[in-house]
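Below you will find one chain, with nothing else, as structure tokens; this is the form predicted alone, and questions on how it binds or moves follow later.
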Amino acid sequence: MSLAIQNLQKVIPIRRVPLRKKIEILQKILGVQQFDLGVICVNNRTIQHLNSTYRKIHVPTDVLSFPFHENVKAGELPQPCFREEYNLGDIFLGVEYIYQQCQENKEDYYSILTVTLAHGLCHLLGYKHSTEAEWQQMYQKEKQILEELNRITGTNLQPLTKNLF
């Protein structure tokens, strides 16, 4: 239903219009366009604080996802009972961290931002990568949605978790 994009940092410029278009395409591919979604862009200090608080990992990261429906199984869509439950959750993007990684790896920032969003959406839909079996399932889903996004947009994006295991 609604897509809220907030930029709470001033370190890295964010082009909201193309970002919104990519998110909306990803939502449609996943069949979740009827759900509310929050995307919050933050700096290293904020993403590190969130990572420390919720994962007990004291370094910045690229993405943290906070699902509204916590018990969704990978491959299933949330089953809301009430209008206010049509919410996927929030994705926090560590855009400063993502930008720094792109500089180090000589990758396109906006492409990696899109891939990171796809990764975050998969987490909101119950996908994990704590074990090799979970990783395989998440990798296949990321690959599937990115292949469809590539077909629609003419890009050539690859999953974040490509070389995890």
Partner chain sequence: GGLHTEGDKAFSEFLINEIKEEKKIQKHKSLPKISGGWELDIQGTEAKLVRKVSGEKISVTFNVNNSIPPVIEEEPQEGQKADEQESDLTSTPNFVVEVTKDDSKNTLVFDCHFPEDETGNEGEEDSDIFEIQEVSFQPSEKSDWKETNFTLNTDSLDWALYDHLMDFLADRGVDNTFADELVELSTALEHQEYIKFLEDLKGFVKCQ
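The shown structure was predicted, so the numbers you read here are calculated from the model rather than taken from an experiment. Numbering follows the first chain given and starts at 1.
Below, we refer to the form predicted in complex with its partner chain, which is not included among the displayed structures.
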> Heavy atoms within 4.5 Å of its partner chain in the predicted bound form: does I152 have any?
Replying inline: no
>> Using a 4.5 angstroms cut-off on non-hydrogen atoms, would Q158 count as touching its partner chain in the predicted bound form?
In response: no
>> Can you tell me whether I25 touches its partner chain? I mean in the predicted bound form, with a 4.5 angstroms heavy atom cut-off.
In response: no
>> in the predicted bound form, does Q33 come within 4.5 Å of its partner chain, counting heavy atoms only?
In response: no
> If we take heavy atoms and a 4.5 Å cut-off, which stretch out of 46 to 54, 118 to 126, 61 to 69, 104 to 112 is in contact with its partner chain in the predicted bound form?
Replying inline: 46 to 54
> What residues in 1 to 15 sit within 4.5 Å of its partner chain in the predicted bound form, counting heavy atoms only?
Replying inline: S2, L3, A4, I5, Q6, N7, L8, Q9, K10, I14, R15
